[in-house]
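To begin, one chain is listed below as structure tokens, in the form predicted alone.
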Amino acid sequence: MGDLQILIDAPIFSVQLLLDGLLIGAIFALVAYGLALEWGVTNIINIAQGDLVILGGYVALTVYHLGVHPLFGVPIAAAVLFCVGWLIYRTVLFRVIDRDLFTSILATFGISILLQQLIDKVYGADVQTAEANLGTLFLFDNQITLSNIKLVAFVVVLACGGLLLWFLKRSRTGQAIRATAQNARAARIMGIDTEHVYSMTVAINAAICGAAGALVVMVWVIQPFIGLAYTIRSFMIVVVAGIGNLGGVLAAGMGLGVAEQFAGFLLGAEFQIGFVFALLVVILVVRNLRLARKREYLH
């Protein structure tokens, strides 16, 4: 109750939490849009989504340790993770692309465990970060502080979203991806190589995760075993916003970021991830009730 009273007595704290939540929520939205793309095209729910984010963070961290500014790690992590995603599809996921959803979940869960262990062996289990050293923005007579790297990350997220949207609408590969997502069988009849589409989709999702991970390592910290939290966040955002709704994904991601910030302030930082899991349960229960009512109405 004491923290709640602080928000009531000093509304400026609420503004601080709101702005921070909107900025970090955009990164969640970027990861979620990659998941929505892969889910919508291949019908695979990628449990390794968050681990790909963390791997991207470690790629950017490697660049940082080589003496390069970590912002340059964003395109490098995206390129490296694109190759990783393509390799994952060609070695594992092509075997489960036409199987039931449960089989693909088990396959990506195995990939998740493998990535965690490999990252742990190579980088160790210590918490690490990459210092961007971009300074801080002060607003409202220095009552509100915003890290400039969060503002830069927000701009990068918007740029990535815009580039992806242009790619899907204007390029031949993007149009093939959209056609396959609408009807894979009809796409094959029209001469589209759906195997290539699936591999490109998984690779693009991994590249998005890599870019997001490079932002995460500059904004927060990373360690090998925290990928599940990003998987849960992205899954929750996609469930709320729906597949193929870029604007909805961005809005849901920013909303989750704000909710997390307020939950962390009111409940304590140690309960912030617990709040995310509890919120997912609530969303799934509510969505199941709505679907049940809809089925009853149709009958």
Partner chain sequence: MLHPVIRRAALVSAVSALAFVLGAPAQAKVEGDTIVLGAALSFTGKYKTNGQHTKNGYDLAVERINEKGGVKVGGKSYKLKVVYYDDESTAARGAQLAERLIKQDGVKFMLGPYSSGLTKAIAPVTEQAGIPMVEGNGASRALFNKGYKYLFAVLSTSEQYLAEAINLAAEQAKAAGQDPAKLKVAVAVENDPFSQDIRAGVLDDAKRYGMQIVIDDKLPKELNDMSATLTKVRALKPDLLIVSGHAKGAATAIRQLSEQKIDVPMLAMTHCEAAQVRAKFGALADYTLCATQWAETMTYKDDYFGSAGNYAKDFESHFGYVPPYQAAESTASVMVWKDALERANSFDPAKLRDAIAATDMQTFYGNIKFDETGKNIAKPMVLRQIQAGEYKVVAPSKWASDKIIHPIPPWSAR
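Residue numbers count along the first chain shown, from 1. Rigid core: the largest C-alpha set superposing within 1.5 Å between the two forms. Just so it is clear, the model here is predicted, and its values are computed rather than measured.
One more form of this protein, predicted in complex with its partner chain, exists but is not displayed; see below.
- Screening 223-231, 77-85, 191-199, 177-185 for residues having heavy atoms within 4.5 Å of its partner chain in the predicted complex returns a single hit, 223-231.
- Its partner chain in the predicted complex comes within 4.5 Å of a heavy atom belonging to residue 121.
- Although the partner is absent from this view, residue 58 stays clear of its partner chain in the predicted complex, with no non-hydrogen atom inside 4.5 angstroms.
- Taking the partner from the other structure, its partner chain in the predicted complex has no heavy atom within 4.5 Å of any heavy atom of residue 33.
- By the criterion of a heavy atom within 4.5 Å, residue 131 is counted among the residues contacting its partner chain in the predicted complex.
- No residue in the set 39, 90 and 203 has a non-hydrogen atom no more than 4.5 Å from its partner chain in the predicted complex.
- Residues 20, 24, 28 are the members of 20-59 with a non-hydrogen atom no more than 4.5 angstroms from its partner chain in the predicted complex.
- Comparing the forms between this form and the one not shown on their rigid core, the Cα displacement of residue 235 stays under 2 Å.
- Once both forms are fitted on their rigid core, the CA atom of residue 269 lies 2 Å or more apart between this form and the one not shown.
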